[in-house]
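Quick heads-up: it's one chain on its own, the form predicted alone, in structure tokens.
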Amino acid sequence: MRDIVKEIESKFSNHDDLFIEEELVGKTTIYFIGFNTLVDLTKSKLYVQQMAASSSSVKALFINLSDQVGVDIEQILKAILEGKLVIVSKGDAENAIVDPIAQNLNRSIEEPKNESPIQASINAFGDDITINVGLIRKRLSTERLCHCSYQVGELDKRRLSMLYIKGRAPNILIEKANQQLKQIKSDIETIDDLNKQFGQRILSPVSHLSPTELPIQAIHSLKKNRIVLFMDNYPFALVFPNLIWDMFSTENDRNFPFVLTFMLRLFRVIGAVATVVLPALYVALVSVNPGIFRTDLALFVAKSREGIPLSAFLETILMVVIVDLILEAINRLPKSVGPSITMVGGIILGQAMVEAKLVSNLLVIVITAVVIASSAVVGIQNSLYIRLLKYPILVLASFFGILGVWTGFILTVIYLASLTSDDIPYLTFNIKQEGDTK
């Protein structure tokens, strides 16, 4: 191979989806060069072969295929990144940039099923890992976007892809992630199987990976110095490492003026704190520290609980568990009937429990606020885990009141601060390019 091909190989050495295919046309060897995530090589080669049959020479073939013949190396590199097919003859005598038969990266216009972007692209990832990587390359055409591919598993070989921007993601993070992925021996059947490869967190509800089905969000994470993983037959990008700010911030927020963006993110923070604290605060103020209330408010609370045989702790646990069961039922029932059935069932059940004097009206209001608040954060995974964090704080509040609420909240923050992914703390808000955190 001559200089152009070797230079392309060197330039894209970190791009596992680059192909350099050798083909004999007449008596001349030519090379097909491009990204298999952007170019349909099989169909493009067939097209070139058909054109070669009606061309008198390789030079004539190149002229018939394209008006960009004999271009310099800079134009060739740019064309490859833009999804073009580059053809180079052996000996570097001729080269051409050809419009290829492209990979079909366009999907029918439909909204993502798990995320709701506003004033943004509604394209979502699919099950094909090649198309998913192509969706990223199509929007981020830079030679600094590196792609590493892996075949992992013992019985069931599964394809994984790792993407990062060279010079943005810290080198130490890339090296550790690359080593951890290469060391996978067992079958990867679920996201939790992959999550465990980055360090076991016993009894931890927080994952090392943050899933997203939006290409714009995955690209934003790449630009924020992180790694994006794809797994075959899984329609999500997995952002590594997962940081706490992921549940409060999305790239879509930046479509709004700064004041609105700040307001949205502030509401999500309030929602997360309210989900964790409100049920425990109700128990603490009603059963352990009622003296904190003003007299008229204390009388109102006492009247709302008049005739209820259960303690504040038991009635709160009962309502919290029932609401979590209803939310889980919404996910499991068919989408055509699930929300309707659970909404009607929840309203009837709540009203019946209030009339039967099993729970107070005030608790119903608190639990409803918690359900709404937990849904304000970004990502179903984050919503689930902050709903789980409210239980230990609730137990502490039943024994120690307000002191138990704040002790539980502080212990929760300390626990989250102790979590790391490849030495990057979970409570990090941003990853610097040089690998330090702030």
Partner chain sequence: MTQRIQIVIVFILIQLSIGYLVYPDLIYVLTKTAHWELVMCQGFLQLILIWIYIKGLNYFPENDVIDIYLKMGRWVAIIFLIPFVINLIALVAFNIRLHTEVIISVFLPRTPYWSILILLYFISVYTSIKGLGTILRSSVFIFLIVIPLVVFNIFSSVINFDIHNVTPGWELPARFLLKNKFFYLLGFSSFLFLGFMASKTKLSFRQLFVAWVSVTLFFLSVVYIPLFIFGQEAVVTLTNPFLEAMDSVDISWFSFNRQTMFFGLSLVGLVIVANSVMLWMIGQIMRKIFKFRKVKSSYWIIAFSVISFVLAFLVPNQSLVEKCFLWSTGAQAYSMIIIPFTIFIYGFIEKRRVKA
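Residue numbers count along the first chain shown, from 1. These figures come from a predicted structure and were not determined experimentally.
Not on display, but discussed next: the form predicted together with the partner chain.
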query	finding
Whether 263, 269 and 388 all lie within 4.5 angstroms of the partner chain in the predicted bound form by heavy atom	no
Segment that reaches the partner chain in the predicted bound form - one of 185 to 193, 284 to 292, 225 to 233, 122 to 130, heavy atoms within 4.5 Å	284 to 292
Option touching the partner chain, based on a heavy atom within 4.5 Å in the predicted bound form, out of 369, 403, 384, 41	403
One residue of 407, 49, 375, 57 in contact with the partner chain, assessed in the predicted bound form (non-hydrogen atom, 4.5 angstroms)	407
In the predicted bound form, residue 420 touching the partner chain (heavy atom, 4.5 Å)	yes
4.5 Å heavy atom contact, residue 414 to the partner chain in the predicted bound form	yes
Interface membership of residue 19, the partner chain in the predicted bound form, 4.5 Å heavy atom rule	no
is_contact(residue 297, the partner chain) in the predicted bound form, heavy atom dist at most 4.5 Å	yes
Residues in 358 to 388 with any heavy atom within 4.5 Å of the partner chain in the predicted bound form	none
